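The data below hold one chain only, encoded as structure tokens and taken in the form predicted on its own.
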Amino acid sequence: MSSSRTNGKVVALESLGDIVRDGESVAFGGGWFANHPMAAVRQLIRAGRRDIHAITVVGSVDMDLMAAAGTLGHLSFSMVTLEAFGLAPNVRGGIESGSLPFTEYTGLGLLIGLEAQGRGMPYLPYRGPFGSDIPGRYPDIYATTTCPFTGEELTAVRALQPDVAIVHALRADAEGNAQWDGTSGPDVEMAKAAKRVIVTCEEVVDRQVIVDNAHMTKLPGYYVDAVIEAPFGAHPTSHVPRYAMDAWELMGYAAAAGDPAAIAEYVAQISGETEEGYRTRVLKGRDSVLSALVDAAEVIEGAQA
């Protein structure tokens, strides 16, 4: 990186363990097999962080890996899944055994709680969730309110403020202005709600690049406290348009996740290597394949149009 890209809010990935403290609540961006800040997840494990209260809307390998590593002290979520590769065995095992305390939200309820905090409101109302017993389980989060204009009965969700939000963007400048080209999922709502915001990104760029692509700036720099350059930082989940999800690595993870000895070895491997070492070991030249898969998807989509 040139000096114009390394000043300001840019810090090294290795400093993440000093920014995020044990016991803090941390909202992790991304959803399904896309855009999870996996380089940050791996670094928190390397740093030995503990008792993290993770907040995720649709968690994936990020939550399961931290559960396996003993990083989590609490989980607030609406869903955690390995999708076609099955359940998230370490999250499920922790919840079933009682070793991982949890708070279950509806997906929309969690987003509305974050949005309420971002808007500076104590709560926001919405219609629903219809047929769910979750509001009854959590009266400190959900309540019933009445619209002052129509008299309609609505569900109110208490504002939710994480200590930290970690999201993964396509690019950011040294001032923290962050851009996405594909989906940003819940990332912006999480960032606007949190006390501190860390953006990992595929590349840190000069401010002029941000200016030239101003329509892609979804998170202005005044929300952001730290920027970390992390190429392939969402791997093995996808970060379109740079790369597709790495199905080979995810299959390997899913195979290890349900075996105590195998997942312990997986965690030990990550803990003992740098992020650069992880990329070298795991990608093995697949980076070009994962990029080509994105291009192929665009061709197929165009052919169907």
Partner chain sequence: MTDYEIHELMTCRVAAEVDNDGVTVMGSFTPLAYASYMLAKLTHAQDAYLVGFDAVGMAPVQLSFTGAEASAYKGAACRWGMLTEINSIHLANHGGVEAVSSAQFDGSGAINLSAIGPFDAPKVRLPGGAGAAEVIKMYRKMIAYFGNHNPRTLVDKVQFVTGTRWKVGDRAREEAGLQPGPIVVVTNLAVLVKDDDDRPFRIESVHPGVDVRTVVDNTGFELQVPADVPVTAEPTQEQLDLLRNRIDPFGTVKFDFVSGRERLSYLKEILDAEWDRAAARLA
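Here the structure is a predicted model, which is why all the values come from computation and not from measurement. Numbering follows the first chain given and starts at 1.
Although not depicted, the form predicted together with its partner chain is the subject of the following passage.
Contact check for Pro37, Leu170 and Lys195: none of the three has a heavy atom within 4.5 Å of its partner chain in the predicted bound form. Exactly one listed residue, out of Thr71, Asn90, Ser76, Thr106, brings a non-hydrogen atom to within 4.5 Å of its partner chain in the predicted bound form: Thr106. With the partner omitted from this view, the residue of Leu44, Val26, Val57, Met63 that lies near its partner chain in the predicted bound form is Val57 [heavy atom within 4.5 Å]. You can rule out all but one of 248-256, 63-71, 45-53, 271-279: in the predicted bound form, only 248-256 has residues with a heavy atom within 4.5 Å of its partner chain. Although the partner is absent here, Asp18 sits far enough away that none of its heavy atoms falls within 4.5 Å of its partner chain in the predicted bound form. Among heavy atoms of Tyr138, some come within 4.5 Å of its partner chain in the predicted bound form. Although the partner is absent here, Lys218 lies within 4.5 Å of its partner chain in the predicted bound form, judged by heavy atoms. Contact between Gly185 and its partner chain in the predicted bound form is found at the 4.5 Å heavy atom cutoff. Using a 4.5 Å cut-off on any heavy atom, the residues of 106-141 that reach its partner chain in the predicted bound form are, in sequence order, Thr106, Gly107, Leu108, Gly109, Leu111, Ile112, Glu115, Tyr126, Arg127, Gly128, Pro129, Phe130, Gly131, Ser132, Asp133, Ile134, Arg137, Tyr138.
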